[in-house]
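Before any questions on binding or motion, here is one chain by itself as structure tokens, the form predicted on its own.
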């Protein structure tokens, strides 16, 4: 369900992924936002290139849609290296990882998305590969078991995860550098949108219109580019290719996106807590059953942004709306003193 929502930070359809790939920056100087992170990465890349060594292994973590995959491709290009892309769930057996490692050349990059979902058995192959660039393969079993060491060329492993807390300590400790990606500001998203407009051949998009899109993008470039394509289509069909704030408002209202970047699922979640359960606190499973939605979907897809903008509080007794959420929905704010003291 997450991939069907316009405001989902998760990757969309293969066609959308292809469209997003065309909008990705190719070099570090084209990468917008994450200034401190980009500076640290640039120093590490320059140092590795000066020594003709592979870059240290890198762990990228943060919410989905912020550019972890993009940054991995940029690092590989800056290192003049090839990049091999895979994911944790795709490496089901140790032999899958061995095959990927054996294809790497000196200084190449192996990018593993969702690395927190790497099977434990595969992790055992990762440790010696990261430390000593060797692969320990066990052949036969029982008394006849023996270990064969295969050498692999020095490489850089870049792992990406949205759930850094699920990584095992031995794996996390083997990354030389760890970077956390932050949500983008409205100004940074507007800059990204200006660049995307030039690549999508969108002309006459004025600054206020791009700011309207950026304000609804939940601090996430993937969502910003998705909204831009929707507004572009609306402008072409309904507005004679004009790209003004009014056109943006009309296009996104048609998609059910309000000025705060909330869609119907967000509003339904808030209304359920506010109207049915008197602003809470109420358990997540109870809300999910009332809405006929999956509790995991609500927790992973809906709640993060509501927490980010201060509309939702997780109390000891369950979820509760804040005063700002009630004012936005136009419903009375109800809470007891004991609950109000435990909102944050």
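In this text the structure is predicted, and so the values were computed from the model without any measurement. Residue numbers count along the first chain shown, from 1.
The discussion below concerns the form predicted together with ligand ADE, not included here.
- Not displayed here, ligand ADE is approached by residue 30 to within 4.5 Å at the level of heavy atoms in the predicted bound form.
- The closest non-hydrogen atom of residue 192 lies within 4.5 Å of ligand ADE in the predicted bound form.
- In the predicted bound form, ligand ADE sits within 4.5 Å of a heavy atom belonging to residue 184.
- Looking at residue 221, you'd find a heavy atom of it within 4.5 angstroms of ligand ADE in the predicted bound form.
- Of the stretches 53-61, 278-286, 30-38, 298-306, only 30-38 has residues with a heavy atom within 4.5 Å of ligand ADE in the predicted bound form.
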